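Before any questions on how it binds or moves, here is one chain, the form predicted alone, in structure tokens.
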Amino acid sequence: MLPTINSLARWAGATVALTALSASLASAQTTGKLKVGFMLPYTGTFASLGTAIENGFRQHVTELGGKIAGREVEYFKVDDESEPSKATDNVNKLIKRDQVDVLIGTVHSGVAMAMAKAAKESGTLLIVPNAGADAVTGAMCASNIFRSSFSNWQPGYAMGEVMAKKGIKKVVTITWKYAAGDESVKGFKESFEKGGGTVVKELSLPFPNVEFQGLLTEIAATKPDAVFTFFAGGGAVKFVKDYAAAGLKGTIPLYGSGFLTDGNLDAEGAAADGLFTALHYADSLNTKRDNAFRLNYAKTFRMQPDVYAVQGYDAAQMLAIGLNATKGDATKSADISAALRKATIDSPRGPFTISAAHNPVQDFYLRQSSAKEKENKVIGIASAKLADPGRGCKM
């Protein structure tokens, strides 16, 4: 049976309506408010880190006039409590309840793994502004997952190179027993042993335990040439103070990933004076770009920025670069990826690029902390343009 004129008209009308709806939805994706979901720690050991990341992100958005790729930014927040067991429920509040266009988070590596899994399954754009879990830009890599910070492997590897070149032979490592600690030590061992050193003992305790005394006694009994450590936030403050109080600071040199002292010098005081750390940022870079960033941050938030603020700031920079390439469409992950792979991010830390696995390729600075000046002073480059190997990434 041939269609009647009326049925053809109804079909044509429905087609026009569907086309209009499709165009309307597409327009909403690129011209409506850009929903940014912060999933960060706002309580607990890493609370100050979460605040600094959000501050940095908001600072760059403010510099852009409150819009990214022409879209006004609307913020949604979830406190992840640095608790992996709550991570899936928390991230789904942002993805399913709030229907955010982009996720920004987090600090804890275990929580970040759950975020990456949810982002990969839902196709939601994710930028990780701190957590260094190697798998995020390794085996779990995806076209919609990016990092504005570092992999756990990177600062550990950089410091291993430094200590091997110094001629240090026997080292004890100490960290929390979780992804960030394990992977930082693994990176350190890779370069330190390649340079001729030996890790004679690996010590750890559960996150976020800060009862260090028994392990410090073990370090004293082992008598290594030096100690390498990864701690951050409040745990780092407690460890640095306990290490000095145990009388170890003057006899067994302490080296660490830069998170040991970054953002912590005020609280650590004299116990942190003279410590060597490796990180992709420092307080004394004294470049025009960094000085402008620091001045603006201090004026806005009445505090000095740290590496966490820089990583939040650069997450916003990366988001803007990606969305400018897609005219504000956060669903076009392949185009966002292509734009970021071609870009050089003009960061306060110094220019960096993005690897094929979406991890920063960046300089790591050798820093020495000054308690008197409350600065992590740059004394050299620990490792130039260091690229994470992205092991297991297939994209």
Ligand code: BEZ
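All values derive from a computational prediction rather than experimental measurement. Sequential numbering from 1, following the sequence displayed.
Only in words, not in the display: the form predicted together with benzoic acid, which the text now covers.
**Student:** Heavy atoms within 4.5 Å of benzoic acid in the predicted complex: does Leu40 have any?
**Tutor:** Leu40: no contact with benzoic acid in the predicted complex.
**Student:** Does any part of Leu49 reach within 4.5 Å of benzoic acid in the predicted complex? Heavy atoms only, please.
**Tutor:** Judged by the heavy-atom cut-off of 4.5 Å, Leu49 is in contact with benzoic acid in the predicted complex.
**Student:** Can you tell me if Phe150 lies within 4.5 angstroms of benzoic acid in the predicted complex, counting non-hydrogen atoms only?
**Tutor:** Contact check for Phe150: yes, within 4.5 Å of benzoic acid in the predicted complex.
**Student:** State yes or no: in the predicted complex, is some non-hydrogen atom of Val310 no more than 4.5 angstroms from a non-hydrogen atom of benzoic acid?
**Tutor:** Outside the cut-off, so no.
**Student:** Exactly one of Val91, Ala232, Ala278, Ile127 has a non-hydrogen atom within 4.5 Å of benzoic acid in the predicted complex; which residue is it?
**Tutor:** By the 4.5 Å criterion, the partner-contacting residue is Ala232.
**Student:** Between the options Met163, Leu254, Ala180, Ala114, which residue brings a heavy atom to within 4.5 Å of benzoic acid in the predicted complex?
**Tutor:** Selected option: Ala180.
**Student:** Kindly indicate whether His108, Gly132 and Phe259 are, all three, within 4.5 angstroms of benzoic acid in the predicted complex, using heavy atoms.
**Tutor:** Result yes, every residue of the spot touches benzoic acid.
**Student:** Could you tell me which of 239-247, 164-172, 100-108, 295-303 sits within 4.5 Å of benzoic acid in the predicted complex, going by non-hydrogen atoms?
**Tutor:** Selected stretch: 100-108.
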